[in-house]
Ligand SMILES: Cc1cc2nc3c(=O)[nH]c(=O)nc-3n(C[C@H](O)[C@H](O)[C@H](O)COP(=O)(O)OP(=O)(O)OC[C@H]3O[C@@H](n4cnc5c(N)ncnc54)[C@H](O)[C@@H]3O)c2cc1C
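Single chain ahead, by itself, as structure tokens, in the form predicted on its own.
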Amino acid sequence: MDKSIHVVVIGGGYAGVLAADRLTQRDDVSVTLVNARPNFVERIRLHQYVGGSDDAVVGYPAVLADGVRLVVGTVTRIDVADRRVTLATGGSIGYDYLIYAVGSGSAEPGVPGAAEFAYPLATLEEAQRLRPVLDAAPATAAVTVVGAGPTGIETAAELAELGRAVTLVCGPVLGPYLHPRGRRSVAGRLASLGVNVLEGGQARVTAVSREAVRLGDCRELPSAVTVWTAGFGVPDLAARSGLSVDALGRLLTDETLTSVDDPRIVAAGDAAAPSGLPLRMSCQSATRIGAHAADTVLRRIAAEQPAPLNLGFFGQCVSLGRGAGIFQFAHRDDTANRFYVGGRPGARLKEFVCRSTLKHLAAEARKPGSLTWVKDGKGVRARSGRP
């Protein structure tokens, strides 16, 4: 059968790869994946890259279906009227359907000195800039990690386990997603590693310099290396292309993940805002949203009505160095409950999740359409309302 229908997927992260693989179910569909890097980045291992225990990179042949064409490049504009994407190199690629899976990154800190003196950690390139700085810093140098979501906690624990003197500046609370019982477990592990955890109303950074950070109560903490993990941002590609976006720039879609502007554009991953209520960042949601985005496109090709997104959640896993971790269980609406697995079993469970995520991608590449997932049990997707 001739491959007469062309789907372009922008972004080769967890959501984009899963979507691209799943689309190969139909013999008449050709798939092009456009990604800025030639390799797949395990974003959930970037803290390990910084700590030197993992390279956080996997070759695309391990996770991408043979029939998917990989174009290494950056899309600078989506021409909705002509159904073409323009590349930074000057070329363009036409499409019949488009999956928008550009992912997320660091937001502008908005704190004096942070852009100049702090090191974000949301992409491989940012991790590659940070690692030699840490390697060059004396072992006793003060390291400050700003932000107490999973990335901040994991980075603080990873570096402290290596013997670094780490301060974690949390803002109002350590691990906002966690249940109080799980939060106490994480706090105990960080304390055992020697991490100085600062939380509360004044535990916010108001300025960063080359050698210190200033807090809301005017304290100054020595900081030879400041790692910035707070904030959330997405590429402005959709907005620059004239598509409707939310306040943070995520593509606005309906509950099938279809753009509110164009039925041939479907979003997946962190850059999607279904009904204005995006889901929490996680590889768990990214793969399943990627799968759903592909299913929406496939149903439209078959002249069928796409189904609304309906995801249930298991919880959140956070590594606490190589020797411990926590798996915080959640209700299917993605609110944490009182149950968790901590310590060394938590570390093993976290590593199992990391390995399983790659296995899911590889399995979908070999047998497209094989990934299934838990529903929330109510016929309505779990909503996080994450900012």
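Note that the structure is predicted; figures quoted are calculated from it, not measured. Note that residue numbering follows the sequence shown and begins at 1.
The protein also exists as the form predicted in complex with the ligand; that form is not presented, and the subsequent description refers to it.
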| request: Only one of V31, L46, A324, L64 comes within 4.5 Å of the ligand in the predicted bound form by heavy atoms, so just point that one out. | output: L46
| note | For the ligand in the predicted bound form, the stretch among 32-40, 338-346, 358-366, 51-59 with residues bearing a heavy atom within 4.5 Å is 32-40
| request: Would you check, heavy atoms only and a 4.5 Å threshold, whether G103 touches the ligand in the predicted bound form? | output: yes
| query | If you check in the predicted bound form, is E154 within 4.5 Å of the ligand, heavy atoms only? | reply | yes
| message | I'd like to know if T74 sits close to the ligand in the predicted bound form, meaning any non-hydrogen atom pair within 4.5 angstroms. | response | yes
| field | 4.5 Å heavy atom contact, L23 and the ligand in the predicted bound form | value | no
| Though the partner is not shown here, which residues of 332-352 have a heavy atom within 4.5 Å of the ligand in the predicted bound form? | K350
